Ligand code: GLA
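Below sits a lone chain in structure tokens, taken as the form predicted on its own.
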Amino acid sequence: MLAKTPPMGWNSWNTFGEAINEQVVRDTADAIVEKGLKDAGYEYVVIDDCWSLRQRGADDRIVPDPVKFPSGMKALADYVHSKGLKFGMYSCAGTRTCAGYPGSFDYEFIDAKTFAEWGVDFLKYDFCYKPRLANGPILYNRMGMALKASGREILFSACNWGSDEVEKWIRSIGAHMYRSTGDINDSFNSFKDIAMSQVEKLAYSGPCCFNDIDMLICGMHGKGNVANGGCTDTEYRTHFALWCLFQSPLMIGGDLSKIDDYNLDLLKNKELISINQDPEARPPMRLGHGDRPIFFKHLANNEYVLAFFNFGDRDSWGDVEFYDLGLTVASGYGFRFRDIFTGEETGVVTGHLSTGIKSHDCRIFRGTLVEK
């Protein structure tokens, strides 16, 4: 069964955009293995838009650009598979892709069969240039059926940017993950606004179909296709913590040949990844609002996460009354928490928990409910 937990991997768009090519994909596959990312759970290597010629071939099939991909897609898929990884590609529900290359509208079954023959394991399916009278849910359902008819198990990553109240129907058409927002860029406000726009919709996300709040920007530092000033390392940590807490698919968007040690270690953080990959896949409760949201999340094995965020420009303070979680002092229970970044333990706390939070930073506590 695909996508029991949020898919993890790498996507070419954030850094390379139209400059994607065969060598970049091979080098990235090598880096995922050599830098320990495969062992951390990242397995998909996905080519985004701009991989084909501008016109279909005489047989109506999409033709890979022979300059960018001289060995062809089957050979490239074989190389990725030889590393113990999975190979992903991109198409679009419209007549053209977002960058103007051939889309799959009316060619869904031909394209799905082609992808299967190449050894594709993952398809990102965009939403540009959809004919005005065409129905979005029907187009995604058509490709969902085409992928199942292809003879190969292919993870279906729907990318309609949150249109048509996508969260209410996308699970029913066979998708395994779905983009629910516009494109991310490499800035604090971009990832903050994207994440917070989805808080009320996370209850639709769960095993076999996860809310995808776009690719990660960790470690990009203002370089690449979606550059917009970049973030500090503290902001990248907050970004990754939000994506893990919300159980979004974790698709790295940076250049792995240039990623710094801090962000590489962040992307391999076992504590955060275990929250993202928690098998119960429960959405968090939001307690605080505004620039200092607080989230409480149930995990498997009787564990919980209490997460404090400070989106403000000044250091601040977070406080949660356990009564607001339903836990009274008279219940005879309290929480024993551990800060997942520092390892500091709180001991058994009752009544409330307060903590300082640096500007644009977060504090993430993981623990259990215990009798006093």
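Residues carry their position along the shown sequence, with the first being 1. Bear in mind that the values here come from a model prediction, so they are computed numbers and not experimental data.
We do not show the form predicted together with alpha-D-galactopyranose (GLA), though everything after this point is about it.
J.: If we take heavy atoms and a 4.5 Å cut-off, which stretch out of 159-167, 240-248, 74-82, 107-115 is in contact with alpha-D-galactopyranose (GLA) in the model of the complex?
T.: That would be stretch 159-167.
J.: Does alpha-D-galactopyranose (GLA) come within 4.5 Å of any heavy atom of Lys124 in the model of the complex?
T.: Flag for Lys124 set to yes.
J.: Does alpha-D-galactopyranose (GLA) get within 4.5 angstroms of any non-hydrogen atom of Glu271 in the model of the complex?
T.: No, Glu271 stays farther than 4.5 Å from alpha-D-galactopyranose (GLA) in the model of the complex.
J.: Decide whether Asp49 counts as a contact residue for alpha-D-galactopyranose (GLA) in the model of the complex under a heavy atom distance cut-off of 4.5 Å.
T.: Output for Asp49 is yes: heavy atoms within 4.5 Å of alpha-D-galactopyranose (GLA).
J.: Is it the case that Cys98, even though its partner is missing from this view, gets within 4.5 Å of alpha-D-galactopyranose (GLA) in the model of the complex, heavy atoms only?
T.: Contact with alpha-D-galactopyranose (GLA), yes.
J.: Please tell me which of Asp183, Asp265, Glu200, Glu280 lies within 4.5 Å of alpha-D-galactopyranose (GLA) in the model of the complex, judged by heavy atoms.
T.: The residue in contact is Asp183.
J.: Among Cys231, Leu147, Met215, Met177, which has any heavy atom within 4.5 Å of alpha-D-galactopyranose (GLA) in the model of the complex?
T.: Contact residue from the list: Met215.
J.: Enumerate the residues of 1-36 that have a non-hydrogen atom within 4.5 Å of alpha-D-galactopyranose (GLA) in the model of the complex, in sequence order, or give none.
T.: Going through 1-36 in order - heavy atoms within 4.5 Å of alpha-D-galactopyranose (GLA) in the model of the complex - there is one hit, Trp13.
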